[in-house]
Each structure stands twice: as C-alpha cells, then as structure tokens.
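Shown below, as structure tokens, is a lone chain in the form predicted on its own; questions about how it binds or moves come after it.
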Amino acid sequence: MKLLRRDWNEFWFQPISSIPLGMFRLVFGLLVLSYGLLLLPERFVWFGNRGVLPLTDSNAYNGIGAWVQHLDLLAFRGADHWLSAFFAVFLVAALCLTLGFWTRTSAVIVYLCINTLHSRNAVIHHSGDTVMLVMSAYLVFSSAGAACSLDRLWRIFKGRENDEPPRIVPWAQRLMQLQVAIVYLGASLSKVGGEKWVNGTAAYYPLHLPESARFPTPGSELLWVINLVTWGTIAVELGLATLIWVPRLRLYVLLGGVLLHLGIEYSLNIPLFSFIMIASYMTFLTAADYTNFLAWAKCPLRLTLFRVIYDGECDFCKSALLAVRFLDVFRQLTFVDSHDEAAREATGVNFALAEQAAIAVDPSGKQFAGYDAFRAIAWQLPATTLIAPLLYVPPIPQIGRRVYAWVKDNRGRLPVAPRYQIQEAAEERETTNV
C-alpha cells in the first residue's frame, strides 16, 4: 500500500517540466484561433437568431427547461447585435492564450466562449470540438503559462525567474492525458461491438460518402486494404487507450495515432478534427522528448552557432538580450560581455567596435554589426525566422539602420527591465550607506 500511495502521489503531484504543457498551450491556442476564424464569416448563419437555429429551437434541441440550463452567453433576443463583439473577444482571448499573455484569464474566456458556441448550436460540432472544449476547461486549472509564454518573459524581466523554466505540479496535465485515453477507449470499445468493424468493412463507407470524402484514397476499392484500415484503426485506438502508458511504447503509440489522423485528414473533410486530436498527444510528451527533437532539428535547419558581443554595462542592452535569450530555443547564441577582455578577444572583436554596436560573430569569424547583427540573429530564432528574409528587402535595411542608430544614441533614456531597475536602486542604496 505504501508503494501504491507513493506511485499515486508521484503520478499526480511530483513536479515535472513546464515545457510540454506550454508547447501544448501554444499549439492548442492556434487551433482555437483557427476554429474561431472558420466560424467568423458565417456567424450569423450558425449562431444568429435569424439563422438556421434560432434561440428557441436551440433551447428545444438542448432540452432546456425549468430544470436544465446551458451556459450560453448569446442567450439574448438581441444577440445578433453583439455577436460580432462576442467573436472579437473570443479571437483576442484565443490569441492571448496562444502567446501566453494573461494565460489563465485568457483560458477562462476561451472556455466560456467555446462552451457558448457548443450550447448555442451543437448540431455543427463534432467529437474533436468536444475534446477542444474539455481541454480548454483543464487549461483553466493548469500552469499553462509557466513556460513558452509572454507571462514568463515578463517574469524574467522582473527578475522573478531565470533561464530555466519552472517545474509544475502536473495534476491538470494528467487529467488531460486520462481524458485522451478515455476518448480512445470509448471509441475502440464501441467499434468492437459493431458488426462492420468486426468483419473489417466499416472503413469503406465514410471513404465513399460524397458528403465527407476529401481526396481519393488509393486502394479504397480493395477488400484487403479496407480490412487493414478498419482493424488497424481499432488497434491504434486501443493502443492509445492502454499501451500509451508503457514508457517504452509511448512514442511508437503516439506515432501510430499521428499516422491514423493524418490519414483521416487526407481522406475525410472533418474540419480541425485530426489536428485537435494530434495536439492532444502533446500532453504525453516530456521535456526530454523536446530536447532530443531540438538536437535532431539543428542539422536539417542548418543553424549556426553565433557569439553575440554586447555592452554589459548598458541596462537597455541587457534588457533586450533577455528577450533574445528567451527566444533562443535551440541555444545557438553565446553572449559575451564586451568588458570581459579575455572572452571578447577570443572572438576577434576589438573594444572600440563593440562600444559602437552589438556584434554577432559566426563560426568562421565573420562579424556582423548593429542592424546586420540583428538580422543574422533573426535567422537563428524560430520566432523570427519567417520574417528574417524581409529584413533584406529595401527599404527595410535602410530604415532598420537608422532606427538602430537612434536607439544606440538614446539607449540611456530608453526603458529597461524592472530587474535591472531594482539592481540599480539597490546599488545606489549600498553606495549611499557606504
């Protein structure tokens, strides 16, 4: 019993890395944002009082009466007049959830909005949308903003946290994992009881329905292919319900689930369903999985190690580097204080040049100064890689160099991170006391 209690407590309450949950929140937020954008153009059709399902019909469909109530923020006769405002709030909250800005508040708003859309018109939603609703509820109680978030970046600016993301109590994430396993357990058991699933022909029908088919599926007319897809679906779903808890099999089972849903996404038109389910697998990943992936990704992405020389006595410069360090997911940048003579000379940069601008040095020794250094660094940061090519398009380089020159001349008057303000105030007090 002691061992059982120990394992139970470790499963639910032993702190784990916050990175996997932060990455799930980021991807999940993007899917919620996509969900809102898909519904936005036809919001009056699906959720308006003059649409396909007026409020009275929606209440009748949901069975709402004296003893039954659903959460519906659109349950007003004049809902059409503020439906656009509702979607605006929803989309802003989804974006904030993605970025991890006011994370818990954003999660609450997202949950309330998704719940409202489901209550207002349950007819147009599928099981993936239901999983999205449940996951949004779990996010409300989780530490989803502990990593990979603007909230964490602000805590770094304030000096509350350092480079290493904090560890979190995982009970909310465990509930997400259990939810995924229960979904697949119910799906697989319901299939096992179906005649066409047992005889191996069930996959034939959705693949040949014009209403749901997307792209032609090779081999969908061959019985052995249909048998393989049908029984393979049951096997993968059973694995996602059971074998996923075996550490050595976890990644293989998740890979099977990804392949299953990529096949569904290719062959069937069920908006966002497969992506929602694949995103839910991220709750099973560990920090070691992300570390291994990043180590593998460095080669195909052709990332280059850079040394960044900066003015260690400039609080604004150090504040800017806090954001750069936060975005340096692949840890490709090494930072060298220009006042550290030995370290700076090892880079081949002279002090006079380092005093004029930040310098980035690649492995070959080539130096990039000022705006060019910023542009070289942009290629190394995943968050800025997509905009890096634009930094070469005229007149952006000319404007960028002028802005950099202005910042250099006025850096003493620019705002700095609170952590450095606190340090400076503490140093002034010590000097006064002495």
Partner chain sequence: MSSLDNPRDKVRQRRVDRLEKRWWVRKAVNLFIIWHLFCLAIWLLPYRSSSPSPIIEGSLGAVRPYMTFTGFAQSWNMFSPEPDKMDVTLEAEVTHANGHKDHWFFPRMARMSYPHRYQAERWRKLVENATHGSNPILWPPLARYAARVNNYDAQNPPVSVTLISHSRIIPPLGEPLPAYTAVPLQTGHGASVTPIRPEDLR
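Predicted model, so just to flag it, every value in this text is computed and none were measured. Positions refer to the first chain, counted from 1.
The same protein also exists as the form predicted together with the partner chain; that form is not shown, yet it is the one meant from here on.
Engineer: Based on heavy atom distances of 4.5 Å or less, which listed stretch (357 to 365, 188 to 196, 99 to 107, 320 to 328) is in contact with the partner chain in the predicted bound form?
Structural biologist: So the stretch in question is 188 to 196.
Engineer: For Tyr371, is any heavy atom within 4.5 Å of the partner chain in the predicted bound form, or not?
Structural biologist: It does not: once the partner chain is placed as it appears in the predicted bound form, Tyr371 has no heavy atom within 4.5 Å of it.
Engineer: So in the predicted bound form, is the partner chain close enough to Arg214 to count as touching (4.5 Å, heavy atoms)?
Structural biologist: Heavy-atom contact with the partner chain at 4.5 Å: present for Arg214.
Engineer: Taking the partner chain as it sits in the predicted bound form, is Tyr205 in contact with it (heavy atom to heavy atom, 4.5 Å or less)?
Structural biologist: Because a heavy atom of Tyr205 falls inside 4.5 Å of the partner chain in the predicted bound form, the answer is yes.
Engineer: Please run the contact check for Pro271 against the partner chain in the predicted bound form: heavy atoms, 4.5 angstroms, yes or no?
Structural biologist: Because a heavy atom of Pro271 falls inside 4.5 Å of the partner chain in the predicted bound form, the answer is yes.
Engineer: Find the only residue in Tyr252, Phe351, Phe293, Trp171 having a heavy atom within 4.5 Å of the partner chain in the predicted bound form.
Structural biologist: Among Tyr252, Phe351, Phe293, Trp171, a heavy atom within 4.5 Å of the partner chain in the predicted bound form occurs only for Trp171.
Engineer: Since exactly one of Asp80, Glu265, Asp315, Asp289 fits, which has a heavy atom within 4.5 Å of the partner chain in the predicted bound form?
Structural biologist: If I apply the 4.5 Å criterion carefully, the residue I get is Glu265.
Engineer: Give, in sequence order, every residue of 27 to 41 that has a heavy atom within 4.5 Å of the partner chain in the predicted bound form, or say none if there are no such residues.
Structural biologist: In sequence order, Tyr35, Leu38, Leu39, Pro41 come within 4.5 Å of the partner.
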